[in-house]
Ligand SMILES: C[S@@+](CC[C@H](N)C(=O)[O-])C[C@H]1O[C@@H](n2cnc3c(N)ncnc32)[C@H](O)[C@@H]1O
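In the form predicted on its own, a lone chain appears below as structure tokens.
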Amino acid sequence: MVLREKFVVCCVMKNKVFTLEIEKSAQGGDGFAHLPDGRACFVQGALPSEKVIAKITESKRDYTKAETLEVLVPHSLRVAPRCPYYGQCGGCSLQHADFSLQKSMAEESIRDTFRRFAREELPENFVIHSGNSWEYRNRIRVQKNRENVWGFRAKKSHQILPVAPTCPILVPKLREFLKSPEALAIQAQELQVFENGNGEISYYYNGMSNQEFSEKSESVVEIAGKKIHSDASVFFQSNLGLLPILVKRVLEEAGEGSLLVDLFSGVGFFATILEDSFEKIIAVERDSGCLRHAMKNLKNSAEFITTPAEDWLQENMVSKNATLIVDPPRTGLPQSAVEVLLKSSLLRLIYVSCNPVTLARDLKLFKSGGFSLDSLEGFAFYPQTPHLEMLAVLSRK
């Protein structure tokens, strides 16, 4: 009966409208407030310190979600969104906040995340590196609508909005290409496109011939004196303007040594950047397409392993003489991988993360095994969104 009553209360709450005082920003960019009944409420489109009228869109026993209907008292750094599709497109969600406010919101959220998940207080001088807040994105995935225009999916919908040719976060060369005769002539529903930082465009779609793949998909990015081979079908960082800062910090933290192990190595990006500083390189990547490029990017002395990182770790103990760099997906390191590393004699770990929550979760596990956090910094690779990349350096004696 109690559960039934709670279910009825939740159903009644949905679509109800409240006037809310936004207390702070939450992970994901929403505003955080409390309802009159004390439950937490995550308010889409609201900024810290604002007073808003919001409608409940989802109601659970312990928390609710809402969307902003009207801003009664706006934040001083609230701005007009630059894109006419803002609010409809499923991409950017923070164009209503000045970029300086976006960074401070991210910092507040990161501090709270590490406090709750890792029991770690971040230093006062915690840094979030950033570059251009507009026209920064070099890599995208687009779909074509019925009017033969490339675009992005609408929020919570399969509708394709014709936003891509005018999207303000794309580098100009990408926008130009997406409305070019070449792009419009491509007979595909979905297209992956990459601009290599020098104005050269590569693209990939399912079903393209081997010859077209060779001519149109392959790309080369020059960074830190290295030429990194890739193609538009595999993952590569989407913000090439900010990437050199991350590379510089990784080079500084990695130093020199006898062995570098690069888990989730992709096309061997970090291994290639660091190979001159280490006597031996082991690159571990499950995607054979990525490793094909890694073999071009790295010297012949490197060892390439085509297997999931967690499987390789089960069979290969990482020694204390190794420097380990990991760049896992948003889900973070598999628990089995963390368990093996804690049992190893590894002394130093460089962790590049695209999800602060899973990084904080993994940090808590590493701390239980004697590791401490030497440094942590953020990288705003995706302005106008709540996404933040992190660089963490861990060590133990």
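What you see is a predicted model, and the numbers here were worked out from it, not measured in a lab. For every residue, the number given is its place in the sequence shown, counted from 1.
Quick note: we don't show the form predicted in complex with this ligand, though the next part is all about it.
A.B. asks: Among 47 to 55, 34 to 42, 328 to 336, 360 to 368, mark the stretch whose residues have heavy atoms within 4.5 Å of this ligand in the predicted complex.
C.D. replies: Among the listed stretches, the partner-contacting one is 328 to 336.
A.B. asks: Looking at 204, 136, 152, 264, which has any heavy atom no more than 4.5 Å from this ligand in the predicted complex?
C.D. replies: If I apply the 4.5 Å criterion carefully, the residue I get is 264.
A.B. asks: Within 4.5 Å of this ligand in the predicted complex, heavy atoms considered, which of 98, 287, 112, 218?
C.D. replies: Comparing distances to this ligand in the predicted complex, the residue within 4.5 Å is 287.
A.B. asks: Taking heavy atoms and a 4.5 Å cut-off, does residue 250 contact this ligand in the predicted complex?
C.D. replies: Residue 250 lies outside the contact set for this ligand.
A.B. asks: Consider residue 310 of the chain shown here, and say whether it contacts this ligand in the predicted complex, taking contact as heavy atoms within 4.5 Å.
C.D. replies: Answer yes; at least one heavy atom of residue 310 falls within 4.5 Å of this ligand in the predicted complex.
A.B. asks: Is the gap between residue 239 and this ligand in the predicted complex 4.5 Å or less for some heavy atom pair?
C.D. replies: The answer is no: residue 239 has no heavy atom within 4.5 Å of this ligand.
A.B. asks: Quick one: is residue 235 in contact with this ligand in the predicted complex, heavy atoms, 4.5 Å cut-off?
C.D. replies: Yes, residue 235 sits close enough to this ligand in the predicted complex that at least one of its heavy atoms falls within 4.5 Å.
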